[in-house]
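Heads up, the chain below is alone and in the form predicted alone; it's given as structure tokens.
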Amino acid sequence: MKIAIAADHGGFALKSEIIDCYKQKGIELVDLGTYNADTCDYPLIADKLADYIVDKKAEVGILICGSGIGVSIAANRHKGIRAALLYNEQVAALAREHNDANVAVFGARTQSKDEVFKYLEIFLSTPFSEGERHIRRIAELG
């Protein structure tokens, strides 16, 4: 599975930790920025990752900002993006199982590193159920 990751300045440090952790596991994440802690605009970061996913350059993405809210809103403006702010284990599983979410979103200032790593593992390891009602509802999103 090819995974892209991006963050604004508020999520830069957490993004770096995720990249390092997955590199140690032998999994390379495509880093779409930001590349330092200088202030930047989260909509541009979310747009870059969303375009990458829509263009099928990666199967899933990870977005991080201070709260997770801004990048969620920005990413979900793109047709074909289903970005989910993951805040507990059940939501991490259901985002994939029922909604076939293709972007995991985290708030670097609102979640602990341990929570983020736990929810990300659940998200990445949970398959879409492919239930008829879920497929129908996803299609209704446009």
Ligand code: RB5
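Just count from 1 along the sequence shown to find any residue number. These numbers were taken from a predicted model, which means no experiment stands behind them.
One more form of this protein should be noted, the form predicted in complex with the ligand, which is absent from this view; the next part is about it.
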_Please pick out the stretch from 30-38, 58-66, 83-91, 44-52 that is in contact with the ligand in the predicted complex, where contact means heavy atoms within 4.5 Å._
58-66
*Looking at the partner-bound form in the predicted complex, is R109 within 4.5 Å of the ligand by any heavy atom?*
yes
*Using the partner position in the predicted complex, report whether H9 sits within 4.5 Å of the ligand, counting heavy atoms only.*
yes
